[in-house]
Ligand code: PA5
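In structure tokens, the next block holds one chain alone, the form predicted alone.
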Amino acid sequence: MQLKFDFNNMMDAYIGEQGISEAEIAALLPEAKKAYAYFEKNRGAGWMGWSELPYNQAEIVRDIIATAADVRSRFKNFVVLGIGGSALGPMAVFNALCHLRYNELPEEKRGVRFYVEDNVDPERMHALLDIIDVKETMFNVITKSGATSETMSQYLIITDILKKKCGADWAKHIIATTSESKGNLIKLAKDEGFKTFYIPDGVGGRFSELCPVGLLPAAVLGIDVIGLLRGASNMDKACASSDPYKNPALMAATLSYLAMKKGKNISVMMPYSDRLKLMADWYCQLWGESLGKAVDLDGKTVHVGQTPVKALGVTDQHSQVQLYTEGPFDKVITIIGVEHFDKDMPIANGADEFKDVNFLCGHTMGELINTERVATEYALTRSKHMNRTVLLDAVNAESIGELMFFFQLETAYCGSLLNIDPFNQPGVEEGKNATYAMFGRGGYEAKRAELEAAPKKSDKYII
């Protein structure tokens, strides 16, 4: 295990009445044990298919690695067309495990250039097409249903260009990652002969990074995908206990649940590493989309969930930390630290005449960022604001696998404690359905009528 979970600064022994007592944890133990038992009983079933991904993909991984090598040998660019979990996971792992200026490196120092088109902003698509030659590009289209409007609009635009520029060979520029058994994209893949990888039926988008959705882009980039899965397995095994004091993810979920009960309804994710910056984006979808629910499993209206907020240490010490240390007691700040950076940078000697600068000389940037991380923990704790630290020994494939699986387990356990379904997304579906209706998609006439009957905006309130 390369990950440690430090929750000292969530406890009342350190932050007084704003904290959680051991007695409160003890009182919740029966529910925590039920959450663990429910997960273990249902792992691999229903929408918990993600829980078995570290163990059941040996043949798939071999195919992924071989396909990735072929892509690298034939193409200069690799572009993911997707949105939500189909984009955030690949982006986060790319940012964590590749050079921070990867696409700008000279060709001999990197592999294929990598891009993720995770929006339908027209200017973004134009910008991509300005810098790539589609004849030198492999496009990975990722959508389980094959009906995701954003992804399929990208698909239609790109395939039209490919047909015009590549002729009969256009389909060799597409890899489809989709459902094996249903949906539009699998039908297109079979008709056009696309290379295809399958998203398991029990794996939702925000839990999909450790299946072909994330493993193929990672493998194309030369990332150790076996190491990612091994790290996830390590975390899974470290959490094989119904006792929160022996299961870090279950303790994290228990504390998060108790924090919400105390009115701490904002969850700030603040990694102290540029390589982990996009992990906060990935976490925001995982936590927000999973736990933000109006109705519980008994049909009771509850409107639960924490609002996830992303930050970056040290950058946001100079923008957000003022609020976190002196503002309302409505937040849990999760700090992610890295003990050992792959590369460090000595701070040169100089400025002898300025004591308020010269004290830095002889140290390193690694020392400085970690000292500032500890100092932020101290400032938050001193002001009685709840915070916790997830500490990685280093950033590598195994530790990233551990980190992602830790948060996925915490999310599943916390969903059980809240008595909600952490795997559905009815609020997202409502927006999708309204979009379909406004575009005149068949089958959505009732929704269109509902929209047309809604109160019209008043000019009085537009200035």
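So that there is no doubt, residue numbering starts at 1 and follows the sequence shown. Since the structure is predicted, the reported quantities are computational estimates derived from the model, not experimental observations.
Keep in mind that the form predicted in complex with 5-phosphoarabinonic acid is not shown, yet the notes after this line are about it.
Contact segment among 81 to 89, 113 to 121, 332 to 340, 257 to 265, judged by heavy atoms lying within 4.5 Å of 5-phosphoarabinonic acid in the model of the complex: Flagged stretch: 81 to 89.
Contact residue in the model of the complex, from T148, T389, N140, T376 (heavy atom within 4.5 Å of 5-phosphoarabinonic acid): Looking at T148, T389, N140, T376 one by one, just T148 meets the 4.5 Å heavy-atom criterion.
Q285, T159, N370, T381 - the one with a heavy atom within 4.5 Å of 5-phosphoarabinonic acid in the model of the complex: Exactly one residue meets the criterion: Q285.
Non-hydrogen atom within 4.5 angstroms of 5-phosphoarabinonic acid in the model of the complex for each of K144, Q425 and K432: The answer is yes; K144, Q425 and K432 each reach 5-phosphoarabinonic acid.
Partner proximity in the model of the complex: G205 to 5-phosphoarabinonic acid, non-hydrogen atom cutoff 4.5 Å: Looking in the model of the complex, residue contacts with 5-phosphoarabinonic acid include G205, since a heavy atom lies within 4.5 Å.
Non-hydrogen atom contact D236 with 5-phosphoarabinonic acid in the model of the complex at 4.5 angstroms: Result no; D236 lies far from 5-phosphoarabinonic acid in the model of the complex.
In the model of the complex: members of 289 to 316 within 4.5 Å of 5-phosphoarabinonic acid, any heavy atom: Result: E289 alone.
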